[in-house]
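Quick setup: one chain, the form predicted on its own, written in structure tokens, and binding and motion questions come after.
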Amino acid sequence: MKRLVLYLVLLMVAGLAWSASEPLETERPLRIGLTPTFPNDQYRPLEAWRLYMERKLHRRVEFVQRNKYIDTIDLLSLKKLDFAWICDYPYVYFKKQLRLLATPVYNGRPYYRSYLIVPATDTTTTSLAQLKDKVFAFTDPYSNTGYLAPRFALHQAGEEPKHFFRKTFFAWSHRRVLEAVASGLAHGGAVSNHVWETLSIGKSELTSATRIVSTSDEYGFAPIVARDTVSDTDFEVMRQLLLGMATDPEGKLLLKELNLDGFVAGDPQIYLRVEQVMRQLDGK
């Protein structure tokens, strides 16, 4: 009997020693959705950003990439994501289901623009009006700079895409719009100026094959949002991490890789412009 008791005690001690040296990770990871808002081939800075978050939060972080904005919104509504970097258009459209966390700062301001682009070999087109009866590449039905902004430009001229262009298609990312225009598959397209400028640094052979025809008005930069049921603690911790990147040496290096200046706390006022455009297009 004494031997049995001694044996059980030794097993308990061994178990405690093992659990102390190999802690079981029971806390679920934070899951962050990524969309074509950011060039989807920039894996190295994104992975470095993910690891940075893990170190700062002392918690596992998973990036979940989707090629369509609506897929990411669906994951947020199903509570399969905690946060996501989406476009300003779906943020405004679904804002009752989301919490605005932070807005990136680019070129000193929390705003970005839409670029109307054509192939570099097209040296004559100077406006959207000259692309009538041509093939046009949009980014995504929920993209502002890649769909809403060019639609609004046509609306102001009394036109609609289905009647104005000979053909349109969705390329499902800003980079793919660039590829379609650069290759001549499309006579024109619309992309985020941040994506175009970012790719011009690392993929200049792609952007140099296109030419910027015009630039839209400013819109609130594509925000980082949280699902509406995320805990206040997770929300505030993530916000402070993002806001602190610009003053953290490692964070500053990452921001440079992401071609951003930093983040500011999300302010719905920044997105009034896209809301006004949506109302005008809907006739409200």
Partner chain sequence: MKFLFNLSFRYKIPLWGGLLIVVTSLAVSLALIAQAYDDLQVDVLNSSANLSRILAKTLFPAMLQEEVWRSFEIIRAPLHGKATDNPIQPEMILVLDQEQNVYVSSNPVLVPMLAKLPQLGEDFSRLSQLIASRPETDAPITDYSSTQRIYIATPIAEEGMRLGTLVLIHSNDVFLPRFRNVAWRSAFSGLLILAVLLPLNWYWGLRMAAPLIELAKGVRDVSHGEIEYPHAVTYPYRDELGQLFETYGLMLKALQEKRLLEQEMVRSERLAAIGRLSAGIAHEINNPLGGMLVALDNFKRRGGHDERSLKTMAMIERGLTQIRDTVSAILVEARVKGRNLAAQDLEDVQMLLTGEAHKRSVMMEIDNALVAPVSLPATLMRQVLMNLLLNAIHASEPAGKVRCAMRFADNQLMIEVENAGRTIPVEVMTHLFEPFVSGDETGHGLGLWVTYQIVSQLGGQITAKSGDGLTRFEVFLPVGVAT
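Only a predicted model underlies this, so the values are computations on that prediction, with no experimental measurement involved. Residue numbers count along the first chain shown, from 1.
One more form of this protein should be noted, the form predicted together with its partner chain, which is absent from this view; the next part is about it.
**Q** In the predicted complex, does every one of K68, A171 and S183 come within 4.5 Å of its partner chain, counting any heavy atom?
**A** Result yes, every residue of the spot touches its partner chain.
**Q** Where, among 107-115, 72-80, 154-162, 175-183, do residues come within 4.5 Å of its partner chain in the predicted complex by heavy atom distance?
**A** Among the candidates, contact is made by 175-183.
**Q** Just one of V213, L100, V135, A209 has a heavy atom within 4.5 angstroms of its partner chain in the predicted complex, so which one?
**A** The residue in contact is V135.
**Q** Using a 4.5 Å heavy atom cutoff, which residues in 83-108 contact its partner chain in the predicted complex? It's fine if the answer is none.
**A** If the 4.5 Å heavy-atom criterion is applied to its partner chain in the predicted complex, 83-108 yields nothing.
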